[in-house]
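Only one chain is included here, represented as structure tokens and corresponding to the form predicted alone.
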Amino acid sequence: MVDSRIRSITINQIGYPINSKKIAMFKGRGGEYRVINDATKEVVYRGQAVDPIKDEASGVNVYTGDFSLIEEPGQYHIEQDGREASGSFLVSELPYHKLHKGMLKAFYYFRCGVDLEEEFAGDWHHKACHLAKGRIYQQPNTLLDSCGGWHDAGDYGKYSGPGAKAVADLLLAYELYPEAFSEPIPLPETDNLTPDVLIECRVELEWLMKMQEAVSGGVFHKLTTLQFPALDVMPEDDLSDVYFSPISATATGCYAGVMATAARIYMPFDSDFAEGCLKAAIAAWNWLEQNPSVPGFTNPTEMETGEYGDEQDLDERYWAAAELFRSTGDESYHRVFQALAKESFSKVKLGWADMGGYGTISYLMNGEEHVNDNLYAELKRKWLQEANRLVQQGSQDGYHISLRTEDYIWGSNMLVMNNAMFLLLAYVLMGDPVFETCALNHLHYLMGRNVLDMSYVTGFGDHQVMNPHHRPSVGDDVMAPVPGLVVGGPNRGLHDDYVREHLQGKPAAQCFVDHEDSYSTNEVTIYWNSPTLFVVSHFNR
């Protein structure tokens, strides 16, 4: 169950940038506290924990202690009479450098179809997996190459839409913050010419190309077995047949969007690959135009793996049109984008099922001189309006994040980091530092400044997740889990048997347990890692 030794003084267990606002949270009571230099044991700052918020989501009163005056690089902790000291934290110019490399390295650990060699994977090495060809579900005697890409989550499924969202986040991080990726991880393919983030994204992009039906240009929704393997099965031991699920409009729209993005990003590094991405994006777009009304995807009857069903495909089409317009300058895509912008769907969300925000940010990043002035202004206004809402919500929350009680759903940490990513994009557009500060508060929450004193990233923090619902971490006989993985986080819905038994009656933000059986709070996915990597990239320059 949840660790009973939860500290009442919580901080970002990695640290704080020198020039940022530095705040600790004190659960239950305030009063005087001391900041101690770990090396010298000296008190370097005395402050008061004040301004309590009765926090509905966490179920506690939360006081804040501001120690922003500390700007001397070093390792520190916080003490308060009658309480266990906080964890130790770093103050430095780039406190998240190792975290950034670790979170990018996590995508290497998700790789499918290749040996993860000990030289690069360390204790978490294993043999190549899922090497057999996959069957088309409607034509089970037709076999296609299905090898490669990233496993999606704690299981071994591979999904077109969520995979495209993850790659989009990483490509956008590179586009905005290339200097954050100047140092190799390294990877087996590191060549000191192409940044490692683009090498890793190409692994998924090349697999996604295998998901496109050659004749029609449509994209298969997912590639999975019929049922999940047992929790302790290593990837190379998962030998059940894999199936290409039917084509879906949402998968095809996401594919067109991410391939058009990749065409632009990879052109300076590999023009042939970039041109191949654009050709693939256009073929997918042609399928979308020829199939304007397609039912949402549902699992075939005997398939019990993740469905990722999505009835709404206008947002994916909107994203695809925006990226194709941005990458080609072709006005035909611009006309479709403008028409779709009049339709009723969110233009500001960044989730795997709501891709409208990616279309909006792509359009806004074109610059005012290349777009419809009125539409540009309206979309920018909507982005600013949502960013201000997130800031306002964060100001009312005890832990300074933008989630309401009802937002602690399955994958709440995705919402936390998607919102942080959204705020940083608002900062790029508007230049208002309040958005940057609010985004950093979300990272502080993820890394331990929360009611459970929990770092929700494996391998980082002194009170970190140790038992994720992740098959390689369970089955590999290594005590520590695969590092750099973001887990789902608190889920008030109590959607698995373990949390239903152990967490009844808990406040929303406490509905989390670090146990391998809790798939609804403690699983991992590539598209929870990806917005987090985007956010950490901003603060690693």
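No experiment lies behind these values; they were computed from the predicted model shown. Residue positions are given as counts along the sequence shown, with the first one as 1.
Unshown form predicted in complex with a small molecule; subsequent notes refer to it.
Can you work out whether Phe244 and the small molecule are in contact in the predicted complex, taking contact to mean some heavy atom pair no more than 4.5 Å apart? No, Phe244 is distant from the partner.
For Tyr159, is any heavy atom within 4.5 Å of the small molecule in the predicted complex, or not? Taking the distances in the predicted complex, the answer for Tyr159 is yes, it comes within 4.5 Å of the small molecule.
Check whether Leu90 has any heavy atom within 4.5 Å of a heavy atom of the small molecule in the predicted complex, and answer yes or no. No, Leu90 sits far enough from the small molecule in the predicted complex that none of its heavy atoms falls within 4.5 Å.
Can you work out whether Leu143 and the small molecule are in contact in the predicted complex, taking contact to mean some heavy atom pair no more than 4.5 Å apart? Contact with the small molecule, no.
Going by heavy atoms within 4.5 Å, which of 198 to 206, 176 to 184, 328 to 336, 404 to 412 lines up against the small molecule in the predicted complex? Within 4.5 Å of the partner lies stretch 404 to 412.
Answer with one of Ala153, Ile361, Ala106, Val371: the residue that has a non-hydrogen atom within 4.5 Å of the small molecule in the predicted complex. The option sitting close enough to the partner is Ala153.
Residue (of Tyr266, Tyr76, Phe460, Tyr308) lying close to the small molecule in the predicted complex, criterion heavy atoms within 4.5 Å: Spelling it out, the residue with a heavy atom inside the cut-off is Tyr308.
Taking Tyr63, Asp453 and Tyr456 as a possible spot, do all three reach the small molecule in the predicted complex with a heavy atom inside 4.5 Å? Judged in the predicted complex, none of Tyr63, Asp453 and Tyr456 sits within 4.5 Å of the small molecule.
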